[in-house]
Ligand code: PLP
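Encoded as structure tokens, the following chain is the form predicted alone, with no partner shown.
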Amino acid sequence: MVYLDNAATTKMFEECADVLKKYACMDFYNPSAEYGQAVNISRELDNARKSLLNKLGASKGDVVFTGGATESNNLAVMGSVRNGSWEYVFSAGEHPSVFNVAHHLKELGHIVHFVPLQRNGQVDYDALKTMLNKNTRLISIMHVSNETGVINDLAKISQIRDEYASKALFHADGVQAFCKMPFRLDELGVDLYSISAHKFHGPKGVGALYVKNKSSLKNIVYGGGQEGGFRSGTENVAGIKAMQCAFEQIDVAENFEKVQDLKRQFLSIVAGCNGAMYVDSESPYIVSLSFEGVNGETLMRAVEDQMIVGMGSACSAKHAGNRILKEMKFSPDKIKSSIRVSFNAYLSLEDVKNAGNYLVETYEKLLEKVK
């Protein structure tokens, strides 16, 4: 079985499972307690915080540990909201954990703008300029699309922000970028950045929000004041340390090159199939494919005895259609026939080639049946 739905989740490193057990069963103390063992655990969290800032390439700022990217995104957006005539700008290509919060803001009576996508899947930078002004409070645009692997130019967006809405905060959902592509936050100009551990071989249920300036954010959960008051509740120490175990052992640049080759080899097989097309994207980890004449879900089910592929965001997989591909002006037929293939750096080239050949063979057999 070849697992090719890594944008949905990844297999946790076995070493991280050992770390998870260590901090759940042995060093299990509450970091907010005052005795020595607990103080040591608090120091362990500080160590994880510093290590994550270093991995993010952030020379200043803070890390708030959360229950995952959905919470991080909600904290970034709702924690930025202020009373008054402020305006909020989102891309139309956001993950549901941002997109649905944006619609919630609109329902509450806030002024919300959605920046359309270009045909290539990137945010429309020119349209973004027209939506920014002195009243813009927050811009939220994801780093890498979870549906297509298309990369938005965050440094360019930051420059646009500086020119047209210098007081606005800039948040990016970095779930499909962190530990998958080389970057430094210091060079991107973001104020808030969300990550999720289970997307890079860590455990589920833990993530983080990078916060450049704590005074720009307010808490949305009330309680004991943990995580600098931004995320009350006893910290998930075992999950945080297992997340640290994952990101510290990943060589991002080396993995990026390897996955580029895996994707290139896979697409060389798919490209030779009449009726197949794919979204050209810079991230090697994700590719959106469509196979003319065959329902994407039908194809996904037909190959699952030998390979697992996805239908797009697992958080919205039960909803009909694909909002992102629709924004990119894909026809209804192409949307209906689309699947998502996503890689990891620990797949073998042989497995990926075999999966590509099996996918094409299965598609051609299904196509014969529907003719």
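One-based numbering along the sequence shown. Treat the numbers as computed from the prediction; the structure is a model and nothing was measured.
The same protein also exists as the form predicted in complex with pyridoxal-5'-phosphate; that form is not shown, yet it is the one meant from here on.
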For the three residues Thr70, Ser97 and Met142, verify that every one has a non-hydrogen atom within 4.5 Å of pyridoxal-5'-phosphate in the predicted bound form; reply yes or no. yes
I'd like to check something about Ser196: if you look in the predicted bound form, is any of its heavy atoms closer than or equal to 4.5 Å to a heavy atom of pyridoxal-5'-phosphate? yes
So in the predicted bound form, does Gln176 come within 4.5 Å of pyridoxal-5'-phosphate, heavy atom to heavy atom? yes
Answer yes if any heavy atom of Ser91 is within 4.5 Å of a heavy atom of pyridoxal-5'-phosphate in the predicted bound form; otherwise answer no. no
Check whether Asn146 has any heavy atom within 4.5 Å of a heavy atom of pyridoxal-5'-phosphate in the predicted bound form, and answer yes or no. yes
Please pick out the stretch from 287-295, 99-107, 131-139, 198-206 that is in contact with pyridoxal-5'-phosphate in the predicted bound form, where contact means heavy atoms within 4.5 Å. 198-206
